[in-house]
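Only one chain is shown below, in C-alpha cells, and it's the form predicted alone.
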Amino acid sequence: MRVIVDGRSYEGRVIDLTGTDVSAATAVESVGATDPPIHVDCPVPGDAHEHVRRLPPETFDRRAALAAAARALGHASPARSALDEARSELADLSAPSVDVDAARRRVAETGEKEERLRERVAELRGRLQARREIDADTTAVEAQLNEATSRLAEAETERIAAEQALERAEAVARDARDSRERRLELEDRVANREREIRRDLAAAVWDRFRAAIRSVPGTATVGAAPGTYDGDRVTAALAVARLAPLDAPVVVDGLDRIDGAEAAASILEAPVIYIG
C-alpha cells in the first residue's frame, strides 16, 4: 500500500497519518476511489471492506457484515439459486400501462353523440312524413335526413369501436393488476431469500466471529447460536474486520481502545491507515 500526502509518500501495510491534516473521512473516501482527494494505491476493496472501511463505524449491520465476510471467505448459501430465480423473474416482470378511464369516457361520448343523431333522424323522418301528407316539397328534408342517417351510421361504428377498445383496456387492466400482485409476491420472496442467505452466511462464520471477539478490545458476549450477541457495534465491527480477508486498508480513527497504528494492524490482521 502506498499513500501520498502533500508530495510525501508513505508505504507499507501500516500507514500512520497522525500529525498530518488528512481526516478519516478523506482517507476513507480515497480508498478505491477513481478520483480521490489523496492518492491511496491499494487493492480494490471487496464487499466485506465496505462494512469496516472505517473504525469505529458510523453505522454497522452485524448480520450483513458477517454475510459479506462469509462470502469473502468462500461460503455460499443453498438459497442463492432461489434468490437468483426470484430476482430474474422480478426483473422480467412488467406491468402493462393502460388508461381505462379514457376508454370509458370515449364510450360515453360516442354513445351521447349517437343518441343525439338518432333523435335528429327521428325528427327529420317526422318532418318528412308531415310534408308528404300535405304534398309539400320534401327535397331539402330528404337531403337533411340522408346526411343525418349517414352520420348516425358513422356514430354507431365509432361507438362500437369505443366499446371494443374499452373491453381490451379492461382486459389489459386485469393483466396489469395480476402483474402488480405477482410483483409484490416476488418482492416478498426476494426479501425472504435475502434474509435467509444472510442467516446462512452469518451462521457459517459464527464460530470464527466468536473467536475474533475474544481477540479484539471491547466487552461483548457471544453465544453459541448465531445471532446471540450482546455488545456494542464497535466491538462487533472490529471482530468482523479481523475475520474477513481484507486487502484494502481499514481507516482507524479515534479508537481509544487501540494504542497506535501497529497495534491496530495486529489486532485486525489487516492493512491499516491510522489517523489517530
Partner chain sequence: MLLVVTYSRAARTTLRNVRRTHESAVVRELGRAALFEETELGAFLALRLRAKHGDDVQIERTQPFNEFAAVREAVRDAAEAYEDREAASTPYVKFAAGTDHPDPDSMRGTDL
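We call the rigid core whatever largest set of C-alpha positions still superposes within 1.5 Å between the two forms. Numbering follows the first chain given and starts at 1. As the structure is a computational prediction, the values presented were derived from the model and not from experiment.
Absent from the display: the form predicted together with its partner chain. The rest refers to it.
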Looking at 184-192, 110-118, 201-209, 81-89, which stretch has residues with any non-hydrogen atom within 4.5 Å of its partner chain in the predicted complex? 184-192
Is His75 close enough to its partner chain in the predicted complex to count, meaning some heavy atom within 4.5 Å? no
Within a 4.5 Å heavy atom cut-off, is Ala155 in contact with its partner chain in the predicted complex? no
Does any heavy atom of Leu145 come within 4.5 Å of a heavy atom of its partner chain in the predicted complex? no
Residue-level question: is Arg168 within 4.5 Å of its partner chain in the predicted complex, judged on heavy atoms? no
Each of Arg8, Ile15 and Arg54 within 4.5 Å of its partner chain in the predicted complex, by any heavy atom, yes or no? no
Tell me, out of Leu128, Ile197, Ala103, Val98, which residue has a non-hydrogen atom within 4.5 angstroms of its partner chain in the predicted complex. Val98
Those residues of 140-166 with a non-hydrogen atom no more than 4.5 Å from its partner chain in the predicted complex are none
Using a rigid core alignment, state whether the CA of Glu185 is displaced by 2 Å or more between the shown form and the other one. no
Once the core is aligned, does Arg87 move its Cα by at least 2 Å between the shown form and the other one? no
